[in-house]
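Next comes just one chain, in structure tokens: the form predicted on its own.
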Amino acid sequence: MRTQPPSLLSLAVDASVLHLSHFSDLSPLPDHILLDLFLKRTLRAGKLNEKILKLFLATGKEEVLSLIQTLNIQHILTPVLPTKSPKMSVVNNIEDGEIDIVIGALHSDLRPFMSAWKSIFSRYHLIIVKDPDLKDDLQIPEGLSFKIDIYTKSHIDKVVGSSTSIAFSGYSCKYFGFLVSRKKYVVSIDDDCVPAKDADSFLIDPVAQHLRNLATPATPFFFNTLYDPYRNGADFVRGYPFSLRSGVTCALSCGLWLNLADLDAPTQALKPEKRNSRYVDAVMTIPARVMMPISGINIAFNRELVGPALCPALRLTGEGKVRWETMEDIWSGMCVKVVCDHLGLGVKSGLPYVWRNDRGDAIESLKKEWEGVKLMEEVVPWFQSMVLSRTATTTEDCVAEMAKRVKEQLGGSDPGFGRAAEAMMDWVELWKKVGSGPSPV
């Protein structure tokens, strides 16, 4: 029995399978030849790969697209391996001139603080905002090569004026520094903190670690059990979706501290000797839709992305000047977390550490903070259920929408919420007026 010799067309199609990767366009081929090339030749020969699949998809031929859909052929996802990426070069691309160090001065004598931070802060521009209630002049050591702008009550009054519900007293004074900064990145460290040492007794550079957190992606939509996969020596674990491995921009970095833990007044009063001595060498992304109590003791953020969301709003009646006597940064933290979730940005927590010195009387603070402890039981579920509208496309839009909801949904339960809503709206307007453009002072 004689075998029918192959046609020239059949030979040409067979030959083309071997050289498909060198083609740039298959659309001129007739439909029946294109289908034969894809179904009978390429698939059966096991020659289909990502590049060749894109060639067939690019033809736009309905029969080919329908066949690909019927066979449920998917794009091949290329793994992202962050441990092979030049992380340090990414951080090194951030210029010193893009960074402001903001310090809220609650004590007049800053000489010990400035001396302790000399080796780390001397390369950056510093914004020091004096607590308007602080009567004594600030004492700053002479001979240190710091680039400093100091703001006092007169500057605040000049910029903000009297027609606002925002109070920049106490720890809230640092928010004025956020407002007048003109840098892309802001690092804020309290004046009761000094540099800490890591587990090997090496001095920690919090600014460098904060910038590393902000310069590498965050992964809020799927938790990585090896924490931040973008740290040297880490990676994504088995089962982590490849489609999510590129992550999102990290907008906020929340550092920790050694010695005095950030406990509430009831816990601190019951455990007055409790100290934090555990240095945990880890950074993690806070998952989307998860709230956290952010403290302004040691943070950094991308001011261009989320600056307006860090707002001094919720203040307790008769609150004090010690961290556990205030609630404004916890409220601010939940606001910025909602904004990040809505805008598809990330928040990291963990490294870097600072050393925090003891301050305040927990028993006395308990009297001032107790009202805030009770309010949190109502506030946290409210923030957890927050879903902003699609029309809120900027940080200012998000804060304004939250302020309206605070007034409508929480304002009736406690007058403090009504005042917080007013302060948030005033902050948005102030940011639009003062927070951009040339320096206001």
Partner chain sequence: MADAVTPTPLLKDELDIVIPTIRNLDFLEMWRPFFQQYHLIIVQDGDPAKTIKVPEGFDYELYNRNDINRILGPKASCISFKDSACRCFGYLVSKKKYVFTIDDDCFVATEPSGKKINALEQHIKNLLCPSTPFFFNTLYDPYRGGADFVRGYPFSLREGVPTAVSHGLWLNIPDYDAPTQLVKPLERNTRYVDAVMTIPKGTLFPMCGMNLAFNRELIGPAMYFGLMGDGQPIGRYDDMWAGWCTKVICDHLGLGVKTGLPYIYHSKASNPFVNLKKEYKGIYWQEELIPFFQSVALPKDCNTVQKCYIELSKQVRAKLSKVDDYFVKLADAMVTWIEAWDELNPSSADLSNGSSK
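What you see is a predicted model; the values in this text were computed from it and never measured. Residue numbers count along the first chain shown, from 1. Under this definition, the rigid core comprises the largest set of C-alpha atoms superposing within 1.5 Å between the forms.
The protein also exists as the form predicted together with its partner chain; that form is not presented, and the subsequent description refers to it.
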Assert contact_stretch over 263-271, 302-310, 133-141, 156-164 against its partner chain in the predicted bound form, heavy atom within 4.5 Å, equals 263-271
Checked 196, 256, 207, 114 for heavy atoms within 4.5 Å of its partner chain in the predicted bound form; positive is 256
Heavy atom within 4.5 Å of its partner chain in the predicted bound form, from candidates 342, 125, 245, 315, belongs to 245
Its partner chain contact at residue 188 in the predicted bound form, heavy atom, 4.5 Å:
no
query: Would residue 408 count as touching its partner chain in the predicted bound form under a 4.5 Å heavy atom rule?
result: no
is_contact(residue 120, its partner chain) in the predicted bound form, heavy atom dist at most 4.5 Å: no
(Q) Just checking whether residue 388 would be counted as a contact of its partner chain in the predicted bound form - the rule being heavy atoms within 4.5 angstroms. (A) no
Looking in the predicted bound form, the residues of 228-250 with a heavy atom no more than 4.5 Å from its partner chain, listed in order, are 231, 232, 233, 234, 235, 236, 237, 238, 239, 240, 241, 242, 243, 245
Margin query: For residue 237, does the CA position differ by 2 Å or more between this form and the one not shown when the superposition is done on the rigid core?
Written below: no
message: Once you overlay the rigid core, does the Cα of residue 270 travel 2 Å or further between this form and the one not shown?
response: no
task = Spell out whether the Cα of residue 199 moves at least 2 Å between this form and the one not shown when the two forms are superposed on their rigid core.
result = yes
